[in-house]
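In the block that follows, a single chain appears as structure tokens, in the form predicted on its own.
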Amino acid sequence: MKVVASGSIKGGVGKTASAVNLAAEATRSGARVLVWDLDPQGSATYLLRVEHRLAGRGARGLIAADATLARHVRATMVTGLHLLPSDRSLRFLDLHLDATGDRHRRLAELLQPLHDAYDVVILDCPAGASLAFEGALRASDVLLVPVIPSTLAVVTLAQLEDLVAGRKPRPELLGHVSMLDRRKPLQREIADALLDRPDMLRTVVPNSTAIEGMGPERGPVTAFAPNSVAARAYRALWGELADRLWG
């Protein structure tokens, strides 16, 4: 089982769109896939048409000593794709993690019993530096960072590199250009510079009306716009990521 954290310190960069669309593409390729929505906003849960509710005691029960993740997992509108949903109690997840005494490794411990049930787990992380994000880093093989072509997003990528460098075990950090508007010269210039970096995947995800349509359509772009530029981009991005995960 491979674990991918879709995350960034910066919000609004397309991490949930990446998580949902890559999960759909992975499922389409035949992989058994689980998305774990760790963000209290619950955007991935909404997009995949699952109720925002954790079983039992919410976030406290989710990570308790006797917890099992399997009881929270739900089927989604994408055949074969499962979701561990978010609910509002996740806004207190850091407090509950801190109380476990093993706050950095608890998420990895919870995922271990699912090792034979899934080929890929994608963690949709909350924005910002938090214990939940730290736990996701410790649990993951890859930290996938959507990077919008702006100066501040590039600064965020450097901050994440520093954050990951001190972790043991250390996930591989891979970025990808997100929400590129080719009409804007500065965005094109920054995107070109990003693509020269060895830690960036080559696929560029455009700023697309199909991606904006995920909200009203409540689904990955392949579900309602399978031939769109965005759908083709996520298909290519999954192919690149799969190559990095399994060589």
Partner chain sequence: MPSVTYGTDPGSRQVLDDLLHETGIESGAPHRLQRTRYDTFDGLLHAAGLRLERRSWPQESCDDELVLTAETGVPAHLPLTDPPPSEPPRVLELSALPAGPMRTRLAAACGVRVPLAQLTLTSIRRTGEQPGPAGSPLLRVHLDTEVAIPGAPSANRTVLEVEELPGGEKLARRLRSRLERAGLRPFAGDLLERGMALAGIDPKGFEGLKTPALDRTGPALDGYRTVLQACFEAMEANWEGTADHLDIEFLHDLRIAVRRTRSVLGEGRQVLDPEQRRHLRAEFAWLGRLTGPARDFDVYFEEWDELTGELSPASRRALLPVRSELALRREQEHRRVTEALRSERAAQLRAEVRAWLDRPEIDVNGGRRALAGLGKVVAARIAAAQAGVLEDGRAITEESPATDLHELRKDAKRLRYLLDSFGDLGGQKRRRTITRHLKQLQDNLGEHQDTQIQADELREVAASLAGHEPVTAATTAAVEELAQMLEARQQAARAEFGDRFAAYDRPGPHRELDKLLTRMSR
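Because the structure is predicted, anything quoted here is derived from the model rather than measured. Residue numbers count along the first chain shown, from 1.
This next part talks about the form predicted in complex with the partner chain, which is not shown.
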Identify which of A117, V155, A129, A99 has a heavy atom within 4.5 Å of the partner chain in the model of the complex; exactly one of them does. A117
Given that the partner chain is left out here, which of E51, D192, E212, D199 has a heavy atom within 4.5 Å of it in the model of the complex? E51
In the model of the complex, segment of 203-211, 30-38, 57-65, 174-182 with a heavy atom within 4.5 Å of the partner chain: 30-38
With the cut-off set at 4.5 Å between non-hydrogen atoms, does E240 touch the partner chain in the model of the complex? no
Looking in the model of the complex, any heavy atom of R106 within 4.5 Å of the partner chain? no
Looking in the model of the complex, any heavy atom of P169 within 4.5 Å of the partner chain? no
Would R88 sit within 4.5 Å of the partner chain in the model of the complex, counting heavy atoms only? no
Residue by residue through 41-80, tell me which have a non-hydrogen atom within 4.5 angstroms of the partner chain in the model of the complex. L48, R49, V50, E51, V73, R74, A75, T76, M77, T79, G80
